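The form predicted alone is given below as one chain in structure tokens.
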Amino acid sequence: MKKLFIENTVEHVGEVVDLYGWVDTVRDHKKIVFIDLRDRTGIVQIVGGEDFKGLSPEDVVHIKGLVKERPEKLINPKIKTGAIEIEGKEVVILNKSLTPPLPLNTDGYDIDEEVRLKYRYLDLRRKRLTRNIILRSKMVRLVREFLTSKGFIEIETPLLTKSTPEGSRDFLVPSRMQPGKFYALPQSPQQYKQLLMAAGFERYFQIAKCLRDEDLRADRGFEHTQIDLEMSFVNREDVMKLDEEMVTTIAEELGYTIKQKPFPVFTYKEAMEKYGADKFDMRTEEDKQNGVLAFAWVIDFPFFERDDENKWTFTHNPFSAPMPEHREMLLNKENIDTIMATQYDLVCNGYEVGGGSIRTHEPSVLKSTLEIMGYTEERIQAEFGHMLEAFQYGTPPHGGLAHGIERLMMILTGEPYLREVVAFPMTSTGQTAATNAPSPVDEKQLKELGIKVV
């Protein structure tokens, strides 16, 4: 078992240690061979003899050696282990590597996307990507610690669920046991987290996988992960205050500077008038150079808008509650274009990084919302009957929001593409990294599902 990471070798000067990792570089100086050994925590220089000459970059090795201080003039301040080196005593090659099909000692931006994702398990050895994935892990850990300290319970919700209109196209999964019927993969845990409020858990969170069959772009993929939370007995300001505390705590723990605290609040109307968009960037050029995070809230969104067929549709979420003063207008279906939702979006550096609302917990309000959108009674019961019924059994007032982890990570790392902060992203054509899906399946599988490809 590996017991020592490379970054910790500085604590063992004068000791013989066992190190495991990958050969990063080899410099052969005849009788002496200099090896840079790498693991996920960094690199350290190994000084070896004749038996080290057979090593090549990316070989996996076990090296036993003496940790020694470097002469002062040879200290490398750019790396954690720059004040030491290892006098190599023994080396065992655990797995010999072929020459990698792509360079791993560059930032990788100039390498073709298809090549990088085909060999993603190699691409991830790149220092920049390793750092991004580790930062993502640290951020998620801080989220869990913060929410747990505030009395939230982490609860997983199903990945096989019911197809309902939530703003994007569903991925469908055919049922083998009930031919002709389909599950949907969740666009979000929206309905389940509301049902958890009905169940009395009061404070829920989840690091939730969400899947949406929508057009791909630099900051959007078929699947994403979100920090999902919901609370009972709250109003809009309660949710925004707690979330702002969480975001501030995590960002500053990770070493980032926030431009303005508390976060400024704009109405949707004010944002459109001042910035021409509800996702805007408040940073100066100096802020951008210094990696400053400029967060702001946007509130008071219209509840409804016209779709391409000139029918009413929701702007954010059909489960949102209207502003209290607009509840009667929604129930009476009056002045629909003036009804405001209790929606709140969090923006940062030109991106939307989170959003949510106070939800409706009254069956009459949800039903009226769906009727405004032109749903028939039959469709309402077929798609939302379970929610309407749940709301009749003492569901408390509640609200919450979600943050897209990938988009947050793009901002924190300054990366231009979602694929740079995801371990195994898809290509721009929807092909999976390393595994080459989607792909054909055996006719027997299709027959079992009652499906024929035409």
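Since this is a predicted model, take the numbers as computed values, not measurements. So that there is no doubt, residue numbering starts at 1 and follows the sequence shown.
One more form of this protein should be noted, the form predicted together with a small molecule, which is absent from this view; the next part is about it.
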> Is G356 close enough to the small molecule in the predicted complex to count, meaning some heavy atom within 4.5 Å?
Replying inline: yes
Distance check, G400 to the small molecule in the predicted complex, heavy atom within 4.5 Å: yes
*Within a 4.5 Å heavy atom cut-off, is Q190 in contact with the small molecule in the predicted complex?*
yes
4.5 Å heavy atom contact, R212 and the small molecule in the predicted complex = yes
Of 153-161, 89-97, 222-230, 104-112, the segment with heavy atoms within 4.5 Å of the small molecule in the predicted complex is residues 222-230
Picking from S368, N317, N349, N132, the single residue whose non-hydrogen atoms come within 4.5 angstroms of the small molecule in the predicted complex is N317
